[in-house]
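Quick setup: one chain, the form predicted on its own, written in structure tokens, and binding and motion questions come after.
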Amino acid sequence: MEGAGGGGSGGGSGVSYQRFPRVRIREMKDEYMKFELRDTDASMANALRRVMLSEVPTIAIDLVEIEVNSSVLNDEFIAHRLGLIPLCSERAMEMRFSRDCDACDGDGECPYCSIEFQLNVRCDSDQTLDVTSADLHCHDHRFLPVDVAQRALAAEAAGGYDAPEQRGIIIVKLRRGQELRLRAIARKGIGKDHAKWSPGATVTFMYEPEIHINEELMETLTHNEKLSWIESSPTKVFDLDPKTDQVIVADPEAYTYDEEVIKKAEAIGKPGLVEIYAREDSFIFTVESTGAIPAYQMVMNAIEVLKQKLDAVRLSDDIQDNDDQFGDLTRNIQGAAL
């Protein structure tokens, strides 16, 4: 089917199949967002989901120089744990990728592509000392570990009170005489290169279900048969109105396309009791962020990245069209020159 993805013309008729997707936000928190994407198809919905997970840039520790490590964990374990600590990345889109930065030689001392962290902890008591993300120190407070930044905001809101249970992400535990001293460099990256750069904990979408109950056929069921049919659904999709004794659709989005109610209707000799369709142009997204960037910004950044990709495709098509138009002319000129 030509043009189903949102642009272009079909065949030689000149009919436009361009679509104009619409978004309606249902719920939005710092790290959670639920919204509807309408008037588009599955290709666009899946592209948006994949870009959110794997191509929205964030900041993560990428280089670790360990000076002293007398803990029970070897250097590689500690470097790996440091890389998985989510860092505040709201300014990641403004930074450069280290591979594209022409202002440094990759040593980490660059204001355009790198952020430096220091960690220096020694245990001098008989009590086990937890080394956490709160021990990572950075001169730029815009790139603190997410849990440290959240704890600072919570303490400020509580009038300076700092809850002891909010001690940060544990990196390693030290006993008396053990020490850990290191320098870490955080860089911009995307989840396609490594999962530590993925801003999304979970990004899912589902087709919006459209449910139609055959009321005439439903009235032929007894009260117990209606209850049995309702309970055949693994999720609470249907309910029974206590006043009218009619089956109603309580929560259509709870339907998981398991077809259990359809099988139950056929088992009791009532095929066609309910019809359930997946709307192919309407999707319900659930987005959960790791905290590196807010869920809303993750969606907006994904749309921006997707636009850049589409612009690149459009540019390559223009170049190809130019090559097709002027290719013969160029070859003729070159042949005449020879």
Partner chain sequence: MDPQRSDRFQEDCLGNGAKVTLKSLAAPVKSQVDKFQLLPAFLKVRGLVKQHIDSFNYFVNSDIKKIMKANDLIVCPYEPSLYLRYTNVYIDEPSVEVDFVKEKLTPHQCRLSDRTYSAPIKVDVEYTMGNQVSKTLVQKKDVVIGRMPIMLRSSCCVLNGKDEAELARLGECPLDPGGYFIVKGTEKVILIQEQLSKNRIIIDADSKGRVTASVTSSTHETKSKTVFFMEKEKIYLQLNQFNKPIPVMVVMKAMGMESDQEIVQMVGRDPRYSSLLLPSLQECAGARIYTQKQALDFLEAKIRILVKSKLVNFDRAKSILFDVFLAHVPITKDNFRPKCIYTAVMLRRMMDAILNADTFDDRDYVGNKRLELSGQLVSLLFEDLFKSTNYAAVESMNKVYNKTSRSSPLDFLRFIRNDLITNGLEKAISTGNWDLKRFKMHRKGVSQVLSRLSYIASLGHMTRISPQFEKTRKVSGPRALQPSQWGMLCPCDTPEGEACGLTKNLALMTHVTTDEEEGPLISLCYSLGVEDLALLSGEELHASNSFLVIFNGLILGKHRLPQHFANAMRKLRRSGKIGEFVSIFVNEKQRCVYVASDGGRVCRPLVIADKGVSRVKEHHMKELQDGVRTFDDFLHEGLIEYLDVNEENNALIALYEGDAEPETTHIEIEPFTILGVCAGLIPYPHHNQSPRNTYQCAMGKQAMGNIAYNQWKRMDTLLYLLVYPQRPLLTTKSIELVGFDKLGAGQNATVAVMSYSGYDIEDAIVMNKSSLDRGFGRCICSVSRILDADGIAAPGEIIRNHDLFVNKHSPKIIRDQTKPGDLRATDYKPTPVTYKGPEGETTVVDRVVLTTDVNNKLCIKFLVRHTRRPEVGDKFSSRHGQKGVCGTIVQQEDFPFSERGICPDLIMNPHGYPSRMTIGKMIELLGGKAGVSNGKFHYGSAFGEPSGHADRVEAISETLVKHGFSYSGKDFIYSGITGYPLQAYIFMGPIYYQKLKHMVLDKMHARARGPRVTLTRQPTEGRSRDGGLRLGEMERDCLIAYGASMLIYERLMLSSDPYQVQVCRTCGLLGYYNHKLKTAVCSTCKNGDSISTLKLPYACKLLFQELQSMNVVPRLKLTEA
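Treat the numbers as computed from the prediction; the structure is a model and nothing was measured. Numbering follows the first chain given and starts at 1.
If you look for the form predicted in complex with its partner chain, you will not find it shown, but the lines that follow are about it.
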Legend entry - Single option in E76, D124, D105, D241 placed near its partner chain in the predicted complex, where near means a heavy atom within 4.5 Å: E76
Inset, instruction - Using heavy atoms only and a 4.5 Å cut-off, determine which of T128, Q118, T256, T220 is in contact with its partner chain in the predicted complex. - result: T256
Inset, instruction - Determine which one of 233 to 241, 177 to 185, 110 to 118, 212 to 220 lies within 4.5 Å of its partner chain in the predicted complex, judging by heavy atom distances; exactly one does. - result: 233 to 241
Inset, instruction - Could you confirm whether D251 comes within 4.5 Å of its partner chain in the predicted complex, counting heavy atoms only? - result: no
Inset, instruction - Would you please decide whether S70 lies within 4.5 angstroms of its partner chain in the predicted complex, comparing each non-hydrogen atom pair? - result: no
Inset, instruction - Classify E260 as contacting or not contacting its partner chain in the predicted complex by the rule of any non-hydrogen atom within 4.5 angstroms, answering yes or no. - result: yes
Legend entry - 4.5 angstroms heavy atom contact with its partner chain in the predicted complex for Q150: no
Inset, instruction - Give, in sequence order, every residue of 204 to 224 that has a heavy atom within 4.5 Å of its partner chain in the predicted complex, or say none if there are no such residues. - result: T204, F205, M206, Y207
